[in-house]
Ligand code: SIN
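This document starts with one chain, in the form predicted alone, laid out as structure tokens.
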Amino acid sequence: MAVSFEQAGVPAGVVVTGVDFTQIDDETFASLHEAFLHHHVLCIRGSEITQQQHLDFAARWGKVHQHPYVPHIEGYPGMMMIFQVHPITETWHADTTHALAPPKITTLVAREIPALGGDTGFANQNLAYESLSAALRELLDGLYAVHYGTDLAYEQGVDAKALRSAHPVVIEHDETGERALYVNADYTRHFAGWTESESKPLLDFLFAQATRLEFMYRHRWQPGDFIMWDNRSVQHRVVADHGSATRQLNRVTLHGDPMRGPAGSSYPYEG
């Protein structure tokens, strides 16, 4: 299989062509895996992929996650249809960080894409951490932050204990060992042991730091794009500038492990 890789952005992103989803051998998969870890966001373009192939390929990267309250597409357990922009998706975030073990990878396939707009932005959290001063990195390395689920999750009756966890503010990637900033404006409310008012000034700074322009890659979708990103090293958001045009994607996420960092592992928050 003649697979080609083209870097899409300096902070993140690689576009891959020449992939045949019906015959991805171990050597090809290894090259995709290496590119993914290095570039954080991987797009396979110009290749047909069915919904079953999407599920099968995602499963090569880990255990497929079943969403606790959003229904899956009939016949494809673990696959959701993304068809509208929600305020949650317009804010920079990593997926469901309120969970004790948030998803490690998210995958999307573009089924219907607007002619203009509807891009997805990605922000490299390794760079966000590395560009901080040594003194601030030392402080953050010892902190936990508490992440809460959304109002929608509470309304759907999900157990409150499953919607609140404390993660290290700085996590260490379980495959690369690289450190990344791990707070986001959708889910993070305060530092463990701190009040929300005490936490707000530093969290606001970190939210801004996490999404600086120089850390961003903006993906312009094409129909049929398969894209996957690393929730351990990037944040993402939709750019909802496509008006009333249809935007439909299939989504599959993969189970992760509890986050670990210099401060140790994540833990359920009881405070």
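Remember, it's a predicted structure, so these values are computed and weren't measured experimentally. For every residue, the number given is its place in the sequence shown, counted from 1.
One more form of this protein, predicted in complex with this ligand, exists but is not displayed; see below.
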Fill in the blank from the handout: Only one of 138-146, 92-100, 197-205, 70-78 sits within 4.5 Å of this ligand in the predicted complex by heavy atom distance, namely 92-100
Practice task
Check whether Leu163 has any heavy atom within 4.5 Å of a heavy atom of this ligand in the predicted complex, and answer yes or no.
Solution key: no
Exercise for the section: Flag Ala58 as yes or no: does it have a non-hydrogen atom within 4.5 angstroms of any non-hydrogen atom of this ligand in the predicted complex? Expected result: no
Practice task
Would you check, heavy atoms only and a 4.5 Å threshold, whether Leu132 touches this ligand in the predicted complex?
Solution key: no
Exercise for the section: Flag Ile105 as yes or no: does it have a non-hydrogen atom within 4.5 angstroms of any non-hydrogen atom of this ligand in the predicted complex? Expected result: no
Handout entry: Heavy atom within 4.5 Å of this ligand in the predicted complex - residue from Val238, Val64, Ile49, Met216
Key = Val238
Exercise for the section: Can you work out whether this ligand is within 4.5 angstroms of a heavy atom in all three of Trp229, Arg247 and Arg251 in the predicted complex? Expected result: yes
